[in-house]
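In the form predicted alone, a lone chain appears below as structure tokens.
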């Protein structure tokens, strides 16, 4: 079991299940609705906790009812919130999710009125308590400071970053981590039609990292200083829910590398885990995974 700290956001997800994605100006009835805790970093921690790791979250919560819903869920998944910054005012990030029950796809509209986790708060964390640090690639200026601080004061502590969306200045993060976890959407946003062309054209500051890019139904690719690697996807018999599949993939990579699997084996494990998740609603699916 490893001690993992993830820095990012937690959200309240309001998920409406619909028979098909609505057309513009269409009125339709949802056939189901559920409220749950979301957010990339905390989703990955939820999976990692089920895989047996001791998980800690560093993020921001406001003193309001929706935050208590989030905290209850984190507690149920044994995720420690000791590093959380708590504010008297604000609204936790809320995601309004349209889940197409026919295809399993999800469309998300976000709302937030809460500041990001600050470097000054991160500096107060004793990094010697942890075996792995994971960051969402957001809040670029502050995250750059956090990564640089960790690199200086805990240089051997593994650091991973999820790079999901294009954000101004995000390339500055690439040379500050050991593992870069890219989304297909990010690669496509940079003009690439496949993962390998994207990974081969990353900036020089990422050369000595492990670079990973998941590509949905095509599987995932990775590169390090030695070689290129690929794993196919492992789709379930029926796709039920793709929400959180990318976060599950990232958790699978982190778990595999903590167990000293090589990059090829780590890719396969992450793809299998993400595929298994797509056959279940929500993230409480890991029991029985092998």
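Positions refer to the first chain, counted from 1. Every value quoted in this text rests on a predicted model; they were computed, and no experiment measured them.
There is another form of this protein, the form predicted in complex with a small molecule, and it is not shown here; the text below is about that form.
Put simply, of 173, 146, 133, 214 only one has a heavy atom within 4.5 Å of the small molecule in the predicted complex, and it is 214. Of the candidate stretches 234-242, 251-259, 27-35, 50-58, only 234-242 has residues with heavy atoms within 4.5 Å of the small molecule in the predicted complex. When the small molecule is considered in the predicted complex, residue 161 lies well away from it, no heavy atom lying within 4.5 Å. Not displayed here, the small molecule is approached by residue 220 to within 4.5 Å at the level of heavy atoms in the predicted complex. Contact between residue 184 and the small molecule in the predicted complex is found at the 4.5 Å heavy atom cutoff. Interface residue remark: residue 274 is counted as part of the site for the small molecule in the predicted complex, having a heavy atom within 4.5 Å.
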